[in-house]
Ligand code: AMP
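Have a look below at one chain only, the form predicted alone, in structure tokens format.
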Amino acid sequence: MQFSRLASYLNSLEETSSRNAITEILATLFAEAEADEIGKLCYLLQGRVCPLYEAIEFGVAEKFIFRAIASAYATDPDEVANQFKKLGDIGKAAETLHSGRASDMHVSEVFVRLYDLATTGGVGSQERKIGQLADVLKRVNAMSSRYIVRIPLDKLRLGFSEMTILDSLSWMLAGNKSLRPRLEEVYNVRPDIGFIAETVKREGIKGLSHVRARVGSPVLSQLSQRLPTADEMIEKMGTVAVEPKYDGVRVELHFKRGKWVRTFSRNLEDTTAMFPELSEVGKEIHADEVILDGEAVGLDPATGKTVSFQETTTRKRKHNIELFSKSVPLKFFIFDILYKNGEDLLEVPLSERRKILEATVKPGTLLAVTPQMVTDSAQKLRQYHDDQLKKGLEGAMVKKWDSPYEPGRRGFSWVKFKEEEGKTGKLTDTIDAVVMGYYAGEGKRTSFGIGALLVGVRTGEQFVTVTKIGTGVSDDLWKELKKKLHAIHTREMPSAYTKVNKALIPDVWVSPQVVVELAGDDLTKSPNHGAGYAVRFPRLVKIRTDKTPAQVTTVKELTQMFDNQMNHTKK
């Protein structure tokens, strides 16, 4: 497929807001694509040249793109900047400045060039990369240039996720979305959209039957549900394993003896560089290959006690990791095993996985198997939970004792037990929300330029408002948030936002990238918020650097929380 043909599809997608129409356009694109290019197409649609979990990033800024456009179209970078300022879109600026003379390039060739751009490094690499991109821009038409310059900046603006791509692959194969559950099931085990697309293009849906967990490729983390009381947990789940709930960073550890150790976050980010101490982890693992699920928790070197999530995540900084590893040493509490020595363990019951885990992990300086109690007593469950709170932990994780590991699923096999319904007037759980925009500060916050956040929850692939937050934020955090949000501000409301009441429109919109955790007293029905609910007395708990917008609380979950709240009130 020529890139100009892909550009025409991208233009149609950009002009379409209907989710069903987007699905059908993508399905037509995939049907037209050849088997050896459909995977590359899927990566490009994500603004990437590899799966999400591969640590290959373009790492370029707008000024870099300005120079590449200027070089390609014989103009000045300042003129490119002026066009960008005028149009508010680097892609349209490139299209406007295009010389009008072009041939065309094959999609696969553009992909290779962009891959080279992302992986080029060393002395003088900046100039080489500018030349690489400029050469591509010279050889494509004006519309193609619009999308090619957006890709390295992750600004394709197409408004859909991997799940829509899975819908479209189903549509390509069956003419409807009936195959989506099977495609998603495989994606949760092997979250490589290019691999899945190429496999089904060549072999049909049956080609996915051999996909299993594989060391080096992350498995989507199993997620937890909510139940309001210990009694309901036992009634619904039966015999359960109960473990401490740590306030740490979720870590999926992949180990291949004699070769490497890699770690991934719950949002598929390669976090290996964050944990340099794990280079010695082989001493504490009895296996040649293994995938472990756990939580990295920071420790206070003086007391040995666990520290807050925010202190633990100082490791995410790009520089001085070794310094932070000494000032904030970590303990990795391992609670599950997904793969060992060539065997996929996802379907093995938790009771058996626990035995395998205990035989695999030798507790030492780095690793510890999470403490666990097995019970079918609501009273014992409640007491265990209260004991964890007294220790300063977040509560307990409750897991069905005979359940398999369910990648990417939020079911009642795992339930988080933070606070029992009725013990206080507060919500029994926190809410993860995406920041949609912010309001200018008042009073002493005037100098910060920010005084409140508008946040939302997810419905499908869009976001709707649920509350404004102005409390629970220190002065230093307001300054940090202003810097972080200013970098992603937009002129117009992003297409991913819907049902925003005019009275709630923020002073500054931001693209959906920053996730925050908030607490509140309770939920109330609200005609003003798109979620249909509002949070009473919301308070910011923390910024969730370990979560993506796709992982925030859903309207369906809010409804469940509200129903639990109302059911308790009636008792």
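Numbering starts at 1 and follows the sequence shown. None of these values were measured; they are calculated from a predicted model.
Same protein, other form: the form predicted together with adenosine monophosphate (AMP), not shown, and the subject of what follows.
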Listed residue that, although adenosine monophosphate (AMP) is not shown, lies within 4.5 Å of it in the predicted complex (heavy atoms), from Glu252, Glu243, Glu95, Asp192: Glu243
Interface residue in the predicted complex among Lys468, Lys484, Lys416, Arg445, criterion: non-hydrogen atom within 4.5 angstroms of adenosine monophosphate (AMP): Lys416
Joint contact, Arg180, Glu461 and Tyr497 to adenosine monophosphate (AMP) in the predicted complex, by non-hydrogen atom at 4.5 Å: no
Contact test in the predicted complex: Thr375 vs adenosine monophosphate (AMP), heavy atoms, 4.5 Å: no
Non-hydrogen atom contact Phe335 with adenosine monophosphate (AMP) in the predicted complex at 4.5 angstroms: yes
4.5 angstroms heavy atom contact with adenosine monophosphate (AMP) in the predicted complex for Arg19: no
Partner proximity in the predicted complex: Val110 to adenosine monophosphate (AMP), non-hydrogen atom cutoff 4.5 Å: no
Listed range touching adenosine monophosphate (AMP), judged in the predicted complex by heavy atoms within 4.5 Å, from 540-548, 60-68, 527-535, 37-45: 540-548
Any residue of 379-400 that, in the predicted complex, places a heavy atom within 4.5 Å of adenosine monophosphate (AMP): Met397, Lys399
